[in-house]
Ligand code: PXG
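The data below hold one chain only, encoded as structure tokens and taken in the form predicted on its own.
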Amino acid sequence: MAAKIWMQDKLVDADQAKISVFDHGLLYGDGIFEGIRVYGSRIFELDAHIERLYKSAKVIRLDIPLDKAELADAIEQTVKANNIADGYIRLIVTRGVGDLGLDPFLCEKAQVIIIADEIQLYPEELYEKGLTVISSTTIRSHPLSIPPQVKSLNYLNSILAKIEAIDSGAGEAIMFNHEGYVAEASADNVFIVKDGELYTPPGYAGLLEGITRAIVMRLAIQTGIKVIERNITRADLYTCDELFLTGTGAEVIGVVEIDNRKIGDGKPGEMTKMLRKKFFEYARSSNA
């Protein structure tokens, strides 16, 4: 059966899922998106993802042509139509068709696209062995240029960091903000462990405050771990006991080396493994 894609107000076959070359999402990266997981045929944290999407839309003055309930129903229909039991949803809203000028208010109507498919961001063996990462020379966009709270289609900043990682033979790149503090990885949030406490950069450091990040912080607190949001330096990364990343696609994955410096004993740490296990259990539970 051909994959079904939600386009604007209905499901269509994948080969019929087409947008105009005048869509400002294509021309200018003018739009927003969410990546959402499906576990056991259940859409994970759907309300939180939809809420964040609408907040992003408000910041960039984009009118989504569906209300929240209609959008949730469209997502559920797309998942069912593609028989996705464990997979990934890409929810996209572009500015829509306009002209070759920048003016977004000349676009006719925002375009809603929903894709549901399978995903495996990293091979399973990397979750056991851990990732190697680098410090990117590409800094995170200044918060007064593109607000980090907006999950926009303009991902060139992250792509440039990802290219650096690939060229270095690393799995990810850690990005710093304009003040030299850790912001996030190219597609994931960053955590370090030091002396039994868990640290992560604060929202004002220039990161997207991820939904997986928030869940991991909550699970850690419930376990009795002290969680601290504060600025993190490159030296902190080099000297921490554990380092791990979180994200919708990556879930929870340990980092064992950065810039040719071994983290801990060179294996995913005990807290990393424990939080990964707890996240896995939570994501597949009836409480998620």
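Residue numbers here begin at 1 and follow the sequence given. This one's a predicted model, so the numbers in the text were calculated from it and none came from an experiment.
What comes next is about the form predicted together with the named molecule, which is not displayed.
The closest heavy atom approach of Tyr127 to the named molecule in the predicted bound form falls outside 4.5 Å. Interface residue remark: Arg95 is not counted as part of the site for the named molecule in the predicted bound form, having no heavy atom within 4.5 Å. The named molecule is not shown here, but in the predicted bound form it comes within 4.5 Å of a heavy atom of Asn189. At the 4.5 Å threshold, heavy atoms of Thr132 stay clear of the named molecule in the predicted bound form, well away from it. Just one listed stretch, out of 72 to 80, 110 to 118, 206 to 214, 96 to 104, contacts the named molecule in the predicted bound form at the 4.5 Å heavy atom level, and that stretch is 206 to 214. The three residues Arg90, Tyr155 and Glu184 all sit with a heavy atom within 4.5 Å of the named molecule in the predicted bound form. Along 242 to 268, these residues reach a heavy atom to within 4.5 Å of the named molecule in the predicted bound form: Thr246, Gly247, Thr248.
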